[in-house]
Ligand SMILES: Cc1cc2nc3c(=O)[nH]c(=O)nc-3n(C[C@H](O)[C@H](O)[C@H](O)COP(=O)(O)OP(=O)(O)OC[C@H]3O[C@@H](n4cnc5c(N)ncnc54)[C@H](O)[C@@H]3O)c2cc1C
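One chain comes next, on its own, written out as structure tokens in the form predicted alone.
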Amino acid sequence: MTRDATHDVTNQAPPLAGHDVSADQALLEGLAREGADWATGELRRLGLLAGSEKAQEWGRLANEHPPVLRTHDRYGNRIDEVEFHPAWHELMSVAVGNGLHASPWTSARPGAHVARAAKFFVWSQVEAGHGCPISMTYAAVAALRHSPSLRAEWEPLLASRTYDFGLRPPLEKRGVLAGMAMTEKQGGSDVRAGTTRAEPLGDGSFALTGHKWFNSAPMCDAFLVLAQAPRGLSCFLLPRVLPDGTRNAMRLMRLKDKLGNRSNASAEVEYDGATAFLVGEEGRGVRTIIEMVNMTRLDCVTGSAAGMRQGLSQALHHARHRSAFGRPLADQPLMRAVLADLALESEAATTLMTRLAGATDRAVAGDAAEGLFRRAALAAAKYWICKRAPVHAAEALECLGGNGYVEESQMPRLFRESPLNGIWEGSGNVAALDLMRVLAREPEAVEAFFAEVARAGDHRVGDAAERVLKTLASAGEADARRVAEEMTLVLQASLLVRHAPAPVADAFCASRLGGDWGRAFGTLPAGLDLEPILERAASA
């Protein structure tokens, strides 16, 4: 101890760094089960980078130095540029270089969407904000496949593994990124209330005039935009820079000052005759852009599951290194109950995420049955997994006590980020009502969902599924949230019974299928064997 020191620092957990973020048994087992074990080596290398001090410092710096909007240059010329800290570009370079943005679209290998989701899950735990342009680029490719000419021009650039930041003509770049702009001031999730106009110019292009209240990642090279064309609401591709090098008439009015997701830019924009190109059929804009929404909804589930795993890892690490009242926190019964419950929620979310990624992979390849299952399961999971993320983050933060409430722990950033996926791509009500529309209009999707649940061959899951089916028989709009919650829980239970160790499945069924849902973490039923759950969760 130095002469000026009053005490030695003891009983503090060291930073969680120098570990493999991908060393998650539920994730690795799901990767193999869904046909993507060929990507294990790539995932482990990315996991080691994600757990490094270097990557974590990138995440810290990108959030402490958020993007800045530069509307004009020094001479008064309009430039509409967004400046980022170098750490943001480091994060983006890794994400693009590892194919997190669009690699499945250029691969015929089974499991490509699963491998990509697993990487997104791992790298999101470093810093969640930069996942927004990565996710939208992934999803934009699906929508562009409605227009063969646009696909031929843009897909190779969107799928490139070179991160080439800066506003230049797209065809002069080595890689491009895509964003989206759907909501307007007066409409929000009601995109059909949009007033942005699209006037045909006679050469196949359109001139867009109007505004968007949320333009995600406005620094991207192009955007999928909804606008009212002569034949109705339509989807358009709007580039930031035109082929002749001039800036398109898209004005960045201001950046949003957001609760979380602060490393990423979100803007209010106006179009003043901006040039755009029709994607899909005129008048069928929602049907076209829904292809993008379904892909980003998968990433909402993946990102929320990643946040749960990040919070669990931090809580476990702290409990192993911190003592209170003469014993390590990890050995104290009540803390063990909380940690085990957090682990159950995390594993159930991760297992469902990999199953949905597998369904996406097979549906894209033409498997109609998997497409039907995904239609119902994704809507339900988007609601429930994203709804559980903030509660999980709050409990994980509390495991660190006062240490968790300070920025240096990373937990406040995780907590602020946790509500985002529940709002993005449709808030809880929107996702739940979307599920109700599926149940009403596509009975074959309901059959596919419950056929998947029945594969567990377990009376606990079967009894719970019967209760859900009875609920569905008389459910109305006001019941949509309860339906989405119950359907997701029985699906998670079925997957865990089939794929997780018995103590994990038993604890989940006992605590989630009894009808007494929504209780605080750490109130598991008596008599459960928590040791295997904690050992499995702490495998990293």
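Predicted model only: the values in this text are computed from it and were never measured. Note that residue numbering begins at 1 and tracks the sequence as displayed.
The same protein also exists as the form predicted together with this ligand; that form is not shown, yet it is the one meant from here on.
- Between this ligand and the residues Cys386, Ala118, Ala349, Met180, the one pair within 4.5 Å by heavy atoms in the predicted complex involves Met180.
- This chain is drawn without this ligand; in the predicted complex, the residue among Gly188, Gly273, Pro243, Gly97 with a heavy atom within 4.5 Å of it is Gly188.
- Residue contact with this ligand in the predicted complex: Val430 places a heavy atom within 4.5 Å of it.
- When contacts are judged by a 4.5 Å heavy atom cut-off, Thr209 does not count as touching this ligand in the predicted complex.
- Though the partner is left out of this view, Asp434 does not reach within 4.5 Å of this ligand in the predicted complex, counting heavy atoms only.
- Residue contact with this ligand in the predicted complex: Asp221 places no heavy atom within 4.5 Å of it.
- Shown alone, this chain has one stretch from 421 to 429, 438 to 446, 461 to 469, 245 to 253 that lies within 4.5 Å of this ligand in the predicted complex by heavy atoms: 421 to 429.
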